[in-house]
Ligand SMILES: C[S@@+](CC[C@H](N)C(=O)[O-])C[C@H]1O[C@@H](n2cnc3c(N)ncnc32)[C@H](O)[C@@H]1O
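One chain is shown next in structure tokens, namely the form predicted on its own.
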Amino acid sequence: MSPDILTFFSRLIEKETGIIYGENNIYQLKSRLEDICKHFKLATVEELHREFNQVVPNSIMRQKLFDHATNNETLFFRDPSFFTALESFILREVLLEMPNEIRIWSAASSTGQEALSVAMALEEMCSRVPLPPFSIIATDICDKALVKARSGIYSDFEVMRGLSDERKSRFFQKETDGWKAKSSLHGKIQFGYNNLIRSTVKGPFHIILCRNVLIYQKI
């Protein structure tokens, strides 16, 4: 795989998504390009490069590239201190506005664990303090991640990562293929596609979550 081809794809990804591939993680790009070639039954990355240089590039291939470019590492209640800060901010700042609805945007929601964790945290708050209704918009650039997020189904391993037995019992139900978020929780979240480079999401929001995004961007 020539350096020029790697540079072509890294610059394309940066331009279209803001995600940076540098010396420290270029090996990931190499591996991901090879995975895309296998998916489309292309023998080499050079063939993939030619496909991207057609007069009319293959839109399916482009989306597959961006799906693979993203890092979808996530888990339930990632960084517990954040959820303590979230509750404090709602109590001290948001409720002072006396809103009819608390509106939250999870701007890089991956497979949905962040948005669901926030929804669970707010449901638990409701049992301690009076809160107005809340809604969460959860967006991501990765189609594959959004399919999973919309399904609301997670494996035993995924629910073990950060989800207590109490929360699992209260907010999820066992299915043959995993644990499914109950509709009373999942229904408060609207999942959708969005590219932060040219975002189409309309506010205002009381809280915008952009956690673990800037570490992949050039700032």
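Just so it is clear, the structure is predicted and the values come from calculations on it, not from any experiment. Note that residue numbering follows the sequence shown and begins at 1.
Same protein, other form: the form predicted together with this ligand, not shown, and the subject of what follows.
When this ligand is considered in the predicted complex, only one residue from V201, I197, L12, I208 comes within 4.5 Å through any heavy atom, namely I197. Remark: V94 does not count among the residues lining this ligand in the predicted complex, judged by a heavy atom distance of 4.5 Å or less. Residue contact with this ligand in the predicted complex: I5 places no heavy atom within 4.5 Å of it. Contact check for K148: no non-hydrogen atom falls within 4.5 Å of this ligand in the predicted complex. E73 belongs to the set of residues with a heavy atom inside 4.5 Å of this ligand in the predicted complex. Looking at 8-46, the residues that come within 4.5 Å of this ligand in the predicted complex, counting any heavy atom, are T17, I19.
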